[in-house]
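Take a look at this single chain in structure tokens; it is the form predicted on its own.
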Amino acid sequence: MATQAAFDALFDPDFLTALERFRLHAKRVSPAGRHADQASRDRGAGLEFADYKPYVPGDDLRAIDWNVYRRLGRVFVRVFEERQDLPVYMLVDRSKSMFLERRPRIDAGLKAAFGLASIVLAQHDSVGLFAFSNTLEVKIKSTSGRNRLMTFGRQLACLDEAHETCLADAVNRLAGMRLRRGLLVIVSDFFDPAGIEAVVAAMKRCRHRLLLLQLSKDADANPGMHKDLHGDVRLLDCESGAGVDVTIGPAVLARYQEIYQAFNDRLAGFVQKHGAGLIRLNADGDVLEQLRALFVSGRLVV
């Protein structure tokens, strides 16, 4: 999409209005952030009571619970839970393969990323934007506030077609950056020439919590839907240009489906074992309806 057309498509008033009731809720956020609405590991001068602890010199005398002292004869102080922001980092695939097909996957990817960013910014959390193909690009390291949504959207709309996919390398590079621990949202089809094992290995090394937004199409699982995929054909890699001659028949299609299922099973297995999240988004479907199905009772817990 041209930049202005992409920007206009993102700023759909009905889409944004529908997202206003959604909340992204973190089980716990890392300390040293800004005061906001997410539960933190920090204990301090918050508003929500968390626990008691024995008094030690230097504790705030105003936190002493004198009722406990009268009952037990020991001095305890009340500890409150700090409420801080959740840093969210969007890692968006801008490789060549995302821009192919009659309805490019990048359209759904950008809209979903923008929708999640609008939710994050509306609830006083922060969001960053990173793009990758064969390199990792920092578009927005971190920003917060409702008024930053337009800036975020313009940066998204500027993500045009780049080069080959190097997802594993991008995850490794982002994991090595000095970013406060938060939620990493990866928007991609997760097809990497290095293989799914390399991608999984990189994600294992990432210290951020992960939410995988997998962009798919029905034909991914059933390539027989393409009428021209039969008999003797030459298949070309849209990114590298490499070609291979193959005779496509029932046995070849069946073997492909086995491999594709194993690919999805490996991704789902990683998610289940490591407590990550996985959203399989049909790039040909309605993005809002698919997001709505994920936010059970208006909330998605990560």
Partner chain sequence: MSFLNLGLPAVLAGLAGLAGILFVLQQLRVRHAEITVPTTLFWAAAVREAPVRVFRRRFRHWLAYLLVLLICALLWIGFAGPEVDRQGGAEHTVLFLDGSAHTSDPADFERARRELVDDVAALSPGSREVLFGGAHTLKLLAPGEDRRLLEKRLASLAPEASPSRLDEQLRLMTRNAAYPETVRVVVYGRAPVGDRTLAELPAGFSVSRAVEYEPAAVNHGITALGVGPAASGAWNRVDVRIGITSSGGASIDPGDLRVGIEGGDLGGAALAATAPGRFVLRDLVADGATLEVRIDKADKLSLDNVARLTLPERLRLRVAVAEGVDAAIHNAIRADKGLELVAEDADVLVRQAGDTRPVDRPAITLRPMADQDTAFEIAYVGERDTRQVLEASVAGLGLDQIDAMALASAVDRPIGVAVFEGAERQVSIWSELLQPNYNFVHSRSFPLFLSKSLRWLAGEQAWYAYLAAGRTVTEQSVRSSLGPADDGVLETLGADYLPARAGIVTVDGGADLQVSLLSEAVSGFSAGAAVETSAAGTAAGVPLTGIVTWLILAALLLFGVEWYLYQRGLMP
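Positions refer to the first chain, counted from 1. Just so it is clear, the structure is predicted and the values come from calculations on it, not from any experiment.
The form predicted in complex with the partner chain exists for this protein as well; it is not shown, and the discussion that follows is about that form.
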Handout entry: One stretch from 189-197, 154-162, 136-144, 111-119 that, in the model of the complex, holds residues within 4.5 Å of the partner chain by heavy atom
Key = 189-197
Exercise for the section: Answer for R62 alone: is it within 4.5 Å of the partner chain in the model of the complex, judged on heavy atom distances? Expected result: no
Exercise for the section: Flag M150 as yes or no: does it have a non-hydrogen atom within 4.5 angstroms of any non-hydrogen atom of the partner chain in the model of the complex? Expected result: no
Problem - in the model of the complex, R102 touching the partner chain (heavy atom, 4.5 Å) - result: no
Practice task
Classify R255 as contacting or not contacting the partner chain in the model of the complex by the rule of any non-hydrogen atom within 4.5 angstroms, answering yes or no.
Solution key: yes
Fill in the blank from the handout: The one residue among V79, L229, A201, V75 placing a heavy atom within 4.5 Å of the partner chain in the model of the complex is L229
Fill in the blank from the handout: Among S97, S216, N172, Q123, just one has a heavy atom within 4.5 Å of the partner chain in the model of the complex, namely S97
Handout entry: Partner contacts in the model of the complex for 235-263 (non-hydrogen atom within 4.5 angstroms of the partner chain)
Key = L235, L236, D237, C238, A242, V244, D245, V246, T247, I248, V252, L253, R255, Y256, I259, Y260, F263
